[in-house]
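A single chain comes next, written as structure tokens; it is the form predicted on its own.
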């Protein structure tokens, strides 16, 4: 059912253990909620700015419509639910954030701060640690030039953290806020008991490619845009140079990674923020793969200098050894499997439907 939290009393009477998923209507939200449901979770409360899609409702205890920047909404969550885990997926994405950076900060940072406050208050209320899962981005990186990018190789979590986009700045700020709430929250308060009420866990995702969602102009969308255009029989002008290289991951691997990190033993986690990688083809290599699958594909290059500069500031690959070691990160799809087994057949099937 879809419920307005300002009028819902059913949850308030029971205060059942709850897993909160924000940004539920996005493809990431859909995939995560389905994965959690299939893993046996029957405690999901889904939140989105728009009414949650009908297909989500059978998998959720409740679906709510609301804005994460609304302080009163967050306060009502404290009164109505006993939240044990938060998957905070809601965000204003990269392209829109550049057009309206102030709104982006309000949503991406202000909304995250509201939810971190909720997690801390929930932990104090029911006396148990609240897990807070947060998807960050390679946009948090800012490599100064192509020479440094070439020399950097696989970039670690602590390197080149000078992002050039508002979205990247927001993500990096939220990483620091999460670490603060986990380790140092209210450290000078006289009534502070101890740190640790919030268990903040973050993945810095590379570009995420989906077979089922048509890209909407994101800065890393040149690879999926090529595929979807070719399958639809439309010409495509790539906005980056053929030699442009950044890491990617498939949507199923992204969902699985967040779920696996959530389930990991806290004692085995050596950090709050983890890189994960998948495969790192150049734009030219992607174009060759697309032409191989769709021989009539018309792919040209028309560089958008502003977007090119942003992508050039991101690593060509990332060091995800900490994720592999600490919580067994292991993607299902390498470059060949991603295109041959997931992307091409599903995109082709959708285009032909």
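Positions refer to the first chain, counted from 1. Predicted model, so just to flag it, every value in this text is computed and none were measured.
Beyond what is shown, the protein has a form predicted together with a small molecule; the following relates to that form.
Here the chain stands alone, but in the predicted bound form its contact with the small molecule, taken as any heavy atom within 4.5 Å, falls in 135-143 among 135-143, 154-162, 116-124, 261-269. Although the partner is absent here, residue 219 sits close enough that one of its heavy atoms falls within 4.5 Å of the small molecule in the predicted bound form. Using a 4.5 angstroms threshold between heavy atoms, residue 94 counts as touching the small molecule in the predicted bound form. Taking the partner from the other structure, the small molecule in the predicted bound form has a heavy atom within 4.5 Å of a heavy atom of residue 167.
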